[in-house]
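Take a look at this single chain, the form predicted alone, given in structure tokens.
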């Protein structure tokens, strides 16, 4: 088939990265970029003068020559744009979260299935080489059974005015927890606080905990009001423990040969029956590529070869269900919510 013709809708700070990446790919043709803000389009035109620019996404949707659209717009616009694109027969890449409403996300998933179109969601970290390595460790039982995962995604950074820290940061960590634990999430609790925008009740810091049906749980801290910039996961297994620190330039993963053997525990001698082991720390070599390039290439590969995306619409829906339940818990002082 001919190279898929792609349009990017939304060329702001993150959308411009998609523009740059799709322009560089050899298995597609980026033909148009759309944005409501003229300075964003001017930036695109200055760096990529051969790309058409547009300020009305409906013209892209109605263009029969465009095969697929990439949406890097604000979350509240995802449903409307994606639905119109799918109805028009175009493949869709939607940045996270897929929508803000579960019913709307379910409708998009169903629509894509009915029309046999690719619907993919931008859970970027699932295309990180280090996460691939973690997934293989977990699936091959090299750390035993996953007991729990906790993450920190904090920074003194850009404060959002339309979404809280949960919706802005947590989709990344939730997607990894669902990916690695690979069990059904049952319920979630979340607590947090608003310090900077009390009038709008936008939480600056949120702590959430997801409980899974296999007994494992995931806990996360997200904040844009913190003195540290941390992007770190810790996975505790029944045999070994692992850390993934994305702020490290090279040594992103460390495997700790540490654990507790409680297989011979008796009620009469509980403390004496616990055997601790503390072995070596292994730092594997990870061949790091650019996750965004892998993600965008995967989208095109799924279109051309009729593949199911790693982060398909259902994956986006699964993460959204956790987010919605966590938001309800946040509004109810941490009361656990079923997912």
Ligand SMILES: NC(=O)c1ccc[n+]([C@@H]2O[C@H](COP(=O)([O-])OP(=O)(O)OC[C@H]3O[C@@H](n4cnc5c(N)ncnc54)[C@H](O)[C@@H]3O)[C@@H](O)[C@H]2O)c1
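Residue numbers count along the first chain shown, from 1. Quantities reported herein were computed from a predicted structural model and do not represent experimental measurements.
FYI, the form predicted in complex with the ligand isn't displayed, but the following is about it.
Colleague: 275, 286, 36, 53: which sits within 4.5 Å of the ligand in the predicted complex by any heavy atom?
Modeller: None of the others qualify; the residue that does is 36.
Colleague: Which one, 74, 193, 234, 84, lies within 4.5 Å of the ligand in the predicted complex by heavy atoms?
Modeller: The residue from 74, 193, 234, 84 that makes the contact is 74.
Colleague: Partner absent here, but in the predicted complex, which of 112 to 120, 176 to 184, 234 to 242, 153 to 161 has residues with a heavy atom within 4.5 Å of the ligand?
Modeller: Partner-contacting stretch among the options: 153 to 161.
Colleague: Wondering, does residue 316 line up within 4.5 Å of the ligand in the predicted complex on heavy atoms?
Modeller: No, residue 316 stays farther than 4.5 Å from the ligand in the predicted complex.
Colleague: Contact between residue 124 and the ligand in the predicted complex at 4.5 Å, heavy atoms?
Modeller: The answer is yes: residue 124 has a heavy atom within 4.5 Å of the ligand.
Colleague: Taking any heavy atom pair closer than or equal to 4.5 Å as contact, tell me whether residue 203 reaches the ligand in the predicted complex.
Modeller: Taking the distances in the predicted complex, the answer for residue 203 is no, it never comes within 4.5 Å of the ligand.
Colleague: Consider residue 78 of the chain shown here, and say whether it contacts the ligand in the predicted complex, taking contact as heavy atoms within 4.5 Å.
Modeller: The answer is yes: residue 78 has a heavy atom within 4.5 Å of the ligand.
Colleague: Can you name the residues of 50 to 68 that have a non-hydrogen atom within 4.5 angstroms of the ligand in the predicted complex?
Modeller: Only a single residue, 57, comes within 4.5 Å of the partner.
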